[in-house]
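Take a look at this one chain, the form predicted alone, written out in structure tokens.
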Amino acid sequence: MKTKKYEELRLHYKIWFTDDNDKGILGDGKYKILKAIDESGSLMSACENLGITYRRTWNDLKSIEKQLGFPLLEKTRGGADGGSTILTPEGKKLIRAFDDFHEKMDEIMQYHFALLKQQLLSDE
């Protein structure tokens, strides 16, 4: 029996990378944080825009740096103009690569999701 509900299905998924022990390193959430830092030039601003806490985010990013073995952030303390946090060249490379990877996976996932919906909607 066909149902219109299948037509209403939407695809959502997450991508994340782990270490050898399956401990999470980087996923969609932390990627969004790094991207927001890159765009705003400020960890505080990125946290405010995303509605997340500064302290936990800072600790999470430091943990990622430790796991990957290189710094992601360059931080300068505040002065008259306030501080800033920018991505290191490796941090920028990481988000560009994650961007590219996600874009390719999005296309693949959407294609196969469309096939799945066709299969569900077919009369066979």
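Heads up: residue numbers just count along the shown sequence, starting at 1. This is a predicted model, so every value here is computed, not measured.
Although not depicted, the form predicted together with another copy of the chain is the subject of the following passage.
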Notebook entry, point to check: Is it true that Ile15, Asp19 and Phe101 each have at least one non-hydrogen atom within 4.5 Å of another copy of the chain in the predicted bound form?
Noted result: yes
Check: in the predicted bound form, does Trp58 have a heavy atom within 4.5 Å of another copy of the chain?
Finding: no
Check: Ile52: heavy atom within 4.5 Å of another copy of the chain in the predicted bound form?
Finding: no
Note to self: Considering non-hydrogen atoms and a 4.5 Å limit, does another copy of the chain approach Leu68 in the predicted bound form?
What the structure shows: yes
Margin query: Against another copy of the chain in the predicted bound form, would Glu48 count as a contact residue? Criterion: heavy atoms within 4.5 Å.
Written below: no
